[in-house]
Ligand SMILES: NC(=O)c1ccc[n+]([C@@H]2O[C@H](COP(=O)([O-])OP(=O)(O)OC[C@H]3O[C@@H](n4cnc5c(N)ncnc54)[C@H](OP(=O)(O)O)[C@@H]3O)[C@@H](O)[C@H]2O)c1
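Only one chain is given next, in structure tokens, and it is the form predicted on its own.
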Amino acid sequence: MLLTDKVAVITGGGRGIGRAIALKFAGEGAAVAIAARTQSEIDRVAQEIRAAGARAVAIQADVAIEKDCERIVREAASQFGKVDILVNNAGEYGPVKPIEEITPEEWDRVIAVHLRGAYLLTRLALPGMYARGAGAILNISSLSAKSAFGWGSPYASAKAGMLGMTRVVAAEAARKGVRVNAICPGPVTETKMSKDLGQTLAERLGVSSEEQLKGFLNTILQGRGQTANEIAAAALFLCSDAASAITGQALNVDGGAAFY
């Protein structure tokens, strides 16, 4: 197994991509600390992992809050002794409207959940990784960080910021044994966030949600969305020793939508 004896912290782990990553990592031997705001969701994922014979703990937390981030890392280390892998996945799309209609409070919330949360957890996890001379951090960014779509500027800005942070932290951490990478998923159409966004966009465009989705997917080479399991497979690779020579990179897992 690729992650035997590793301990992974996964934020936004109650559903969608985060849940798929938690299940995938646990299946490859990792002990998993699953963090999210909704206790019932992370409890279900943790129970599913434990039922399969792996180790998991559910930690209710909001990554936009510094004390909650401190508790995530502290509880993971208390339960399992260390943190080898950090996956910054927690997020929300935020307001679906033009930038001039977005309030500062709405803007700040999206930036806090994605970018500030990733920063807080990275700074908390790195000292232990440095002490052991090993570790992997994976930031879940988005196709929105590389392509322009209307009515989502806070989300795109936060996700682009995560790519900048990925590169800089990779430069700081490389000689200390820690790798830092990012994934830019395309539309993972099975997730609640994707479905909610599609419905909102369809309403704004005056079309059906089916028409909106079909039009978007036609812009992708494969002509389809991605699955949470496909994102999890890429995450597993980047966080495992199979990717030992890869750091500071942003991997597109988008079916052929962006090319840089």
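Residue numbers here begin at 1 and follow the sequence given. Quick caveat, the model's predicted, so the values are computed rather than measured.
Heads up, the form predicted together with the named molecule isn't pictured, but that's what we're talking about next.
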Please determine, with the chain shown alone, which of 173-181, 126-134, 155-163, 95-103 has non-hydrogen atoms within 4.5 Å of the named molecule in the predicted complex.
155-163
Are 62, 90 and 141 jointly within 4.5 Å of the named molecule in the predicted complex, each by at least one heavy atom?
yes
Give me the residue from 234, 31, 36, 49 that has a heavy atom within 4.5 Å of the named molecule in the predicted complex.
36
One residue of 116, 82, 109, 167 in contact with the named molecule, assessed in the predicted complex (non-hydrogen atom, 4.5 angstroms):
109
Check whether residue 16 has any heavy atom within 4.5 Å of a heavy atom of the named molecule in the predicted complex, and answer yes or no.
yes
Does residue 193 make contact with the named molecule in the predicted complex, using a 4.5 Å heavy atom cut-off?
yes
Taking the named molecule as it sits in the predicted complex, is residue 43 in contact with it (heavy atom to heavy atom, 4.5 Å or less)?
no
Answer for residue 120 alone: is it within 4.5 Å of the named molecule in the predicted complex, judged on heavy atom distances?
no
Note that the named molecule is not shown here; using its position in the predicted complex, name the residues of 224-239 with a heavy atom within 4.5 Å of it, in sequence order.
none
